[in-house]
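One chain comes next, on its own, written out as C-alpha cells in the form predicted on its own.
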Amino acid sequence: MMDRRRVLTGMAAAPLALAAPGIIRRANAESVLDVAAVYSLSGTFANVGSGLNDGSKWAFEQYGSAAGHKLNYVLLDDRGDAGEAVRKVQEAMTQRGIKHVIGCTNSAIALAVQKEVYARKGIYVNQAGADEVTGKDCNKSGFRWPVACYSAVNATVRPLIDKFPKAKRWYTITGQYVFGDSLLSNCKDVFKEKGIEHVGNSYHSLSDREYSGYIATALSQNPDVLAICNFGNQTVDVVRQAISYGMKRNTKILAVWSTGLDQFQALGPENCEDVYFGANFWHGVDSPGGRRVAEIVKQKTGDVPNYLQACGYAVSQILIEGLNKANSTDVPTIVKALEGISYEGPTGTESIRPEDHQVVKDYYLMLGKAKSAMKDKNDLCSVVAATKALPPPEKTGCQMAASL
C-alpha cells in the first residue's frame, strides 16, 4: 500500500513539475539523479534478484550522493523476463529521462537491456556472465563486473585438470540458455586443448527441478569429473541430486559457476565437502573494498556478505565511481572516466579494460571443507586458486565504437 501511495503521489505531482518555471525544474534535476536497477523479484531466479537488489540498494544508501547529486534508486522488477525488462527500461528512459541503469538477474536479460540502453544513449553496469556481453554484443554503454564465462571456465577447469591429470573423462550437465551454453562452449575449448575426453552432455531447461535422468545418464558414462554448467537454484539442485545418487564416491564434482556462500549454506557442509566450486566473490578474501562491503552487510544482516550482496554492491559502486571521477552525469563523460579506472572493489584492487568494459578481477576455485575443519558456520569452503583468466581483448570479438 505504501508503494502504491508513493507511485500515485509521484504521478499527481508530475503535471505540477511540468508547469513549474524552468529554473525550478533545472534545480530539481540537478539535485536528484534517478538510477534504474533492473532485477527479477519473481520467476525462476527471484532469490538471486532479491540478493542482488539488496546489495545495490545498500551501496546507494552508503554513498548517498555522487557528482553533487542525491542518488535516487528506482527499482524495475522484470519478473524474470527479458521482454519485460526491455519494456520497463524503455519506460524509465523515455518517461522519466533516466540514463543510468544497473543490474540484471541473468545473461539473456542483460544482453537485451544492454542493447536497449545503448540505443537510447545511456550507461549500463551489469552482472551477466555470458561472454557475449563484453564480446560480440559489447557496446559503449555496457560494463560488466563479474568475469565472463571464458574466465570462469579457465579459472576452474584448467586448475582442476592440472591437479588431477589422470582424470581424463568429463561429463557436463548444462542449462539450455545463453549462460549455460556459454559455459559449455568454453569447457569444450579447454577439453580440446588439454586432451580431455568429453564423454557426454545433458541439457536441462530453465524450468527443470528434477535431474535424476541426466545424472543417471552421466553415471552410465563413468566420468572422472562432472562439470555443472548452470546457475542459481538449479546448480544447488544438480549438486545435491548428484551426491544423493552416490556420484561423489568415484567422480569429482565441479560447479563451474556458483553464487558462493548462499549456495554453500543451502547445500550444507555434508554436501559441500570435497565438491569444487567456482565463485566471483568470497568473504574470506581480505581487502579494503571487501572489508567495506562486510561492514555494510554486518549492519544490515548481522552476518558476512555473500556473492549476491557483494555483486549488487559492485555494480552500484562502479557507476558511482564513474560519476564521481567524471564529476558529471553526462553519459559519454562517465564512460570515458570508467575506461581504465582502478578502484578498491569487493575482491581487492579492480580495474576496467577500455577495450571491452570488462572488470579485471580474480575468479576463485573453491573446495568444500569437512564439517570438522570449519572454523565457523560460514567457513564452508577454502580457496584453491585465485586467477585473473581474461582472454586478450582482440580475442573477445568485441568491436567497440569510438564514442557513444
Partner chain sequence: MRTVERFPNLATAIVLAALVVLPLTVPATLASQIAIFATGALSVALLLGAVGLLSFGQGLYLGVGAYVCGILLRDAGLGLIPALLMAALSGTVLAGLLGSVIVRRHGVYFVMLTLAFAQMGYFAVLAFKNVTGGENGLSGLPRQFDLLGFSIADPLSMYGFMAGAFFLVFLLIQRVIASPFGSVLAAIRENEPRCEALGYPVARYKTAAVALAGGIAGLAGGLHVIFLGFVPPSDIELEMSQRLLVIALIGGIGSPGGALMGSAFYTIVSEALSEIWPRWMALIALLLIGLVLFLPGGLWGARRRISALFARNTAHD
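Numbering follows the first chain given and starts at 1. Note that this is a predicted model, so its numbers are computed, not measured. If you superpose the two forms and keep the largest set of C-alpha atoms that fall within 1.5 Å, you have the rigid core.
Separately, the form predicted together with its partner chain exists; it is not shown, and the next lines address it.
Each of 86, 94 and 132 places at least one heavy atom within 4.5 Å of its partner chain in the predicted complex. None of the heavy atoms of residue 31 is located within 4.5 Å of its partner chain in the predicted complex. Its partner chain is not drawn, but in the predicted complex it has no heavy atom within 4.5 Å of residue 233. At a distance threshold of 4.5 angstroms between non-hydrogen atoms, residue 367 is out of contact with its partner chain in the predicted complex. Its partner chain is not shown here, but in the predicted complex it comes within 4.5 Å of a heavy atom of residue 119. Out of the listed residues 303, 330, 237, 81, 81 is the one that sits within 4.5 Å of its partner chain in the predicted complex by at least one heavy atom. Comment: its partner chain is not present in this chain, but in the predicted complex one of 201, 265, 271, 90 has a heavy atom within 4.5 Å of it, namely 90. Note that among 149 to 157, 274 to 282, 72 to 80, 287 to 295, the stretch whose heavy atoms approach its partner chain to within 4.5 Å in the predicted complex is 72 to 80. Residues 41, 42, 43, 46 of 36 to 65 are found to place at least one heavy atom within 4.5 Å of its partner chain in the predicted complex. Core-superposed comparison between this form and the one not shown: the Cα of residue 41 travels 2 Å or more. If you fit the rigid core between this form and the one not shown, you'll see the Cα of residue 163 move by less than 2 angstroms. Comparing the forms between this form and the one not shown on their rigid core, the Cα displacement of residue 96 reaches 2 Å or more.
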